[in-house]
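One chain is shown next in structure tokens, namely the form predicted on its own.
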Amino acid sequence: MPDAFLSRIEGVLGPGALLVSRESVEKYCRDETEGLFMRPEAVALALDTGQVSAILRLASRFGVPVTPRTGGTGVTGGALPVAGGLVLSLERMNSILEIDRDNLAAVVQPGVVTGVLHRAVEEKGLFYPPDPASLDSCTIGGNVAECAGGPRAVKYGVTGNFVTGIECVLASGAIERWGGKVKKDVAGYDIIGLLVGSEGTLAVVTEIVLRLLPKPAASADLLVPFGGVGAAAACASAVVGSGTVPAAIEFMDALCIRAAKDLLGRLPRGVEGAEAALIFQIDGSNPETVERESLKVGEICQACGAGDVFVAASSSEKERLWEMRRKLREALLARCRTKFSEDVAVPPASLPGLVLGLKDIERKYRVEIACFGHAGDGNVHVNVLRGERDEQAWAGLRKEIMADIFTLAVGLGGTLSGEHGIGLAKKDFMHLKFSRNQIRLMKRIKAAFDPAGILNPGKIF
């Protein structure tokens, strides 16, 4: 990057907010994607929308690629600087600007950690449902970039269902605001819907208005073991088809259960030795409704061949149950330091076909595949473990396995990603889901927002 560019950026940011040494940019060279490392030439720590605007104006003028980033917890390489250039970090823009009880809305900056927002609104008797497993480290800005979901998506939806307003900065430096606290808005195109999930390739989001709900008055958590993955998947589909809508229906297979036991030392009773398990969370406006729906879910599970239904009776039991689920990624990494993970999604009724098809892929390539995820909305995290293979053999095998996984999911009416995005890791497989014409149209949208192609280049396409 030209010295003139760097000196002007430093003038915008002030002392200490432009990082250029190898040591200072080190943490921005990776996200949570296994095996990817890309070094930026500099990192800008922006403090407000005005600084973001000035930085992007300068980047456009000098032709410098810019990679937006907040928490860096993504798993598809979306926040990595493929073209070097400048990483634009929004981590210091981390304020909850407003919690509006009258309009059931929150206004936040992109660097707010998702779990921090959860606790802040719940103190006021309100509820923000999207709950990615990494909620204590991921940020709202990253959630918006990927349209993140989480266990509660089956009942409440994903991040995009709760974003009603966005302030963003275009590649030119122009600041634009879309939407607000309104509940309905069909004036013009749905630009907010376009920006959510666009992975920082269209604009840099600097402020978000989020819809809130009243906090549910009661909830129950159930853990249900099964003798096979097919039976567990079929049960999840049966519950969805019954008309009962739990807040969460989470799935894990035997390999995940064993890895969790190795990491945590103990598990909630009844799950050890199971070939698969489902976790249900049922919430509602009163305890009677929750109890009635819990009994109905338990009856469906029993009819599907489940073992005993374990109901968490205390807050500590609930915490232990969800700790097992939220630490599965960490548990699998402890079991095998090298793996890759894909978050394919299929229609909920096609979930049994997906998990059984993944078993066929496991046998075909003689690998270990661990599956967990959001059974209620058909979104499964497929973790392929490297085992003892050398690096060269693994590199060649990885792409073949990925192609088979994506082909299976798309063939079942599904998609390449339910909530992690395409980023860098999946862009070579977009042709499996989209026609050439569809991809050309999406590229034209990208060009309309970012004519010079400086925003997060090398992603999605």
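Residue numbers run from 1 along the displayed sequence. None of these values were measured; they are calculated from a predicted model.
If you look for the form predicted in complex with a further copy of the same chain, you will not find it shown, but the lines that follow are about it.
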Although a further copy of the same chain is absent from this view, report whether Gln438 comes within 4.5 Å of it in the model of the complex, heavy atoms only.
-> yes
Applying a 4.5 Å heavy atom distance criterion, does Glu293 contact a further copy of the same chain in the model of the complex?
-> yes
Heavy atom to heavy atom, is His374 within 4.5 Å of a further copy of the same chain in the model of the complex?
-> yes
Is Arg57 close enough to a further copy of the same chain in the model of the complex to count, meaning some heavy atom within 4.5 Å?
-> no
Name the residue from Ser89, Ser134, Gln109, Ser198 that puts a heavy atom within 4.5 Å of a further copy of the same chain in the model of the complex.
-> Ser198
Which residue, Ala274, Cys147, Leu223, Leu210, has a heavy atom that falls within 4.5 Å of a further copy of the same chain in the model of the complex?
-> Cys147
Arg119, Lys318 and Arg335: each with a heavy atom within 4.5 Å of a further copy of the same chain in the model of the complex?
-> no
Among 358 to 366, 385 to 393, 297 to 305, 156 to 164, the stretch whose residues bring a heavy atom within 4.5 Å of a further copy of the same chain in the model of the complex is 156 to 164
Going by a further copy of the same chain in the model of the complex, which residues of 87 to 105 come within 4.5 Å of it through any heavy atom?
-> Arg101, Asp102, Asn103, Leu104
